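One chain follows as structure tokens, the form predicted alone.
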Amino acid sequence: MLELREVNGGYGEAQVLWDISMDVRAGEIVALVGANGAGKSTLLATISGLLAPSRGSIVFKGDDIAGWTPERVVAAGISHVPQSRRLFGGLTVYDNLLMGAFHRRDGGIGGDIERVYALFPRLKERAGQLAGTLSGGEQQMCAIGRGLMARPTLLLVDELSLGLAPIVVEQLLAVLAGLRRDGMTIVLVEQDVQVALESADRGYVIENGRVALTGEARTVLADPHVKTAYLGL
């Protein structure tokens, strides 16, 4: 579904990504793991069009989307759930969900909101509440729900567990697993290496803006370097 080949990029003259190549197959969860500052969030922002790569190709369903605008990327079927949620705090939960469907002109938006409520019943209870007053877990639910409102085939989730209690993380991971069973493809960026790899089919370890290791998730999790560097074993 997604193929990156020798992608370089960053912020202006500050290069962060160095010759990143990776593949994401339809219907799988791929985990991108690594330390803070390794380039994971920059990579997602480059895929979703928030940053333009300086070199390399990003092929999604046969089209090279490198340099496309975020709006065009979303319309093609990629939704980005950003780090720190980035909700519209002064808008209600319901209005935040509607913002996820800003590019759509079909008649199915109401039904999709109900599907999001079915995944996250707490959001239905909080539909009229300002998003800025939600708990951290509720905000993450709303951010994921907003991403789903675009009807993506590829969902990019950045730092799912950031600042959340373990029980909330488990609930959110269960939702992602359910979406995967329904056919959605997910790229999960996560600083908690064990949580990410235990939930994924395959994994990529990003170090200093480069792919340091890749493979089946359980193989990556068992790698001696990963155990030493990220799990303290």
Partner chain sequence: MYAAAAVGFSLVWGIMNVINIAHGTFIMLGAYTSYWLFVGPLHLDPFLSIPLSMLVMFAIAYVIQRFIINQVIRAPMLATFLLTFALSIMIANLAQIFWSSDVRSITTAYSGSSLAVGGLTIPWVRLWTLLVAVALTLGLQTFMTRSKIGRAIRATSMDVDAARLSGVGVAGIYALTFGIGGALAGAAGALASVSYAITPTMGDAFVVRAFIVSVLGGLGNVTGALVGGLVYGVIESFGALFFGEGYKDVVALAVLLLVILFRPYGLVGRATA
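Residue numbers count along the first chain shown, from 1. This structure is a prediction, so every number in the text was calculated from the model and none was measured.
As for the form predicted in complex with the partner chain, it is not shown, yet the points below apply to it.
*Asks:* For a quick test of understanding: in the model of the complex, does each of R115, P152 and R180 have a heavy atom within 4.5 Å of the partner chain?
*Replies:* No, the candidate spot makes no contact with the partner chain.
*Asks:* Would you mind picking the one in A165, L50, V175, A35 that has a heavy atom within 4.5 Å of the partner chain in the model of the complex?
*Replies:* The residue in contact is L50.
*Asks:* Of A127, L91, L119, A76, which one comes within 4.5 Å of the partner chain in the model of the complex, counting heavy atoms only?
*Replies:* Checking each option against the partner chain in the model of the complex, the one that comes within 4.5 Å is L91.
*Asks:* Which is the contacting stretch out of 41-49, 22-30, 58-66, 192-200, given heavy atoms within 4.5 Å of the partner chain in the model of the complex?
*Replies:* Looking at the other structure, the answer is 41-49.
*Asks:* Residue-level contact is defined here as any heavy atom of the residue lying within 4.5 Å of the partner chain in the model of the complex; does L134 satisfy this criterion?
*Replies:* No, L134 is distant from the partner.
*Asks:* Taking heavy atoms only, is G100 within 4.5 angstroms of the partner chain in the model of the complex?
*Replies:* Residue-level check for G100: yes, a contact with the partner chain.
*Asks:* Out of 132-147, which residues reach within 4.5 Å of the partner chain in the model of the complex, heavy atoms considered?
*Replies:* Only R146 sits within 4.5 Å of the partner.
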